[in-house]
Ligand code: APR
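Next comes just one chain, in structure tokens: the form predicted on its own.
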Amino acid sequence: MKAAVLYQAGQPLVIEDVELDPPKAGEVHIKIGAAGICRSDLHVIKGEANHLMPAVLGHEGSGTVLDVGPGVTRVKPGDRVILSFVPYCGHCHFCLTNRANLCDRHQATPGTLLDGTTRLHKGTQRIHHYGKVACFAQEAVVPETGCIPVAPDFPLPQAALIGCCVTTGVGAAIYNARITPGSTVAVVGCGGVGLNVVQGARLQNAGKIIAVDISEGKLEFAMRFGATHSVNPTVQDPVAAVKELTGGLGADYTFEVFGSGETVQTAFNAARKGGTVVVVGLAPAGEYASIDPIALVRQEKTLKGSYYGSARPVTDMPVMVQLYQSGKIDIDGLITRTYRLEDINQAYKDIDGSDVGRGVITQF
């Protein structure tokens, strides 16, 4: 099959034929139908995140079941599925305490499937799976617990976005922060995930939703998804601007959705006394944020992380499907560019620029 393989950080992905072994017990063979262009993969491409090489990237995907391994009961050939990049073992402490997004077995097996081995190879050279999805390819083998069924007519590009940016962003607002009605919210970073934090805040009936980004295009785009105000840090001090918009207090909830030490500090400083700061973006490896511990104590701020929107994919992704189908969240409008697999390097040049919305590979 054809796949986009990353052999070395800082180099273009190589489109080539690779081999895919059949699914083992508890695994599913998928024909990929759509794959989102997400910044998390870009971190690996740039060398800002560590990953075993060579690798097939792509973690925001959807497709159709071709075959299943022994013991699989959740899906069958012909089913359409959303792919979750946090499949779970079902046995560790976090799985058993309803926090499957933090599964120990998943985190202990980076670059492989849950049994610690790969299905991808080129001759004798093994190729690693990013997020146990590896959807920048025509086909994939994934864990059964990483497959969330949808209706036969559910659009695959929209399903792919539910596999990452929708669930991560909306979930951060409704499952992690649990925004209360009438609250003030500031969202620092308005890419694909940030736009969905905005949508989640709107769903929670936030009073003010302040979009913060250095791109005027992204700020204007965020207004379509529920932002009520915008702040451009290249034009004005973002912390002062957020405080001015919130009566001098700062926002009740702030979200960092870009992934850098500087933006974490901005989100922390823009929160009011007693406010909640949620870090959603993944910063480059080795980068840290400097937080004033005195302010953390005296102002009683809450600083917390949100991984995958603190969602339980098997139960919460169907909720995202329902929210989309009922018109409560807009996924169609998020998709602003479509690509062929062969265009993947151009797709990552686009996301690294100022393009708004989300790009999706739809032709393999």
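This is a predicted model, so every value here is computed, not measured. In case it trips you up, residue 1 is the first one in the sequence shown, and so on.
From this point on, the text means the form predicted in complex with adenosine-5-diphosphoribose (APR), which you will not see here.
- Partner contacts here mean any heavy atom within 4.5 Å of adenosine-5-diphosphoribose (APR) in the model of the complex, and among 291 to 299, 63 to 71, 35 to 43, 331 to 339 they occur only in 35 to 43.
- adenosine-5-diphosphoribose (APR) in the model of the complex comes within 4.5 Å of no heavy atom belonging to Met223.
- The closest heavy atom approach of Ser215 to adenosine-5-diphosphoribose (APR) in the model of the complex falls within 4.5 Å.
- Although the partner is absent here, Val193 sits close enough that one of its heavy atoms falls within 4.5 Å of adenosine-5-diphosphoribose (APR) in the model of the complex.
- Although the partner is absent from this view, Gln204 stays clear of adenosine-5-diphosphoribose (APR) in the model of the complex, with no non-hydrogen atom inside 4.5 angstroms.
- Within 4.5 Å of adenosine-5-diphosphoribose (APR) in the model of the complex, a heavy atom is found for all three of Gly189, Val257 and Leu282.
- Comment: adenosine-5-diphosphoribose (APR) is not present in this chain, but in the model of the complex one of Pro155, Pro110, Pro149, Pro233 has a heavy atom within 4.5 Å of it, namely Pro233.
- Contact annotation: of the candidates Thr145, Asn101, Thr118, Thr263, the single residue with a non-hydrogen atom within 4.5 angstroms of adenosine-5-diphosphoribose (APR) in the model of the complex is Thr263.
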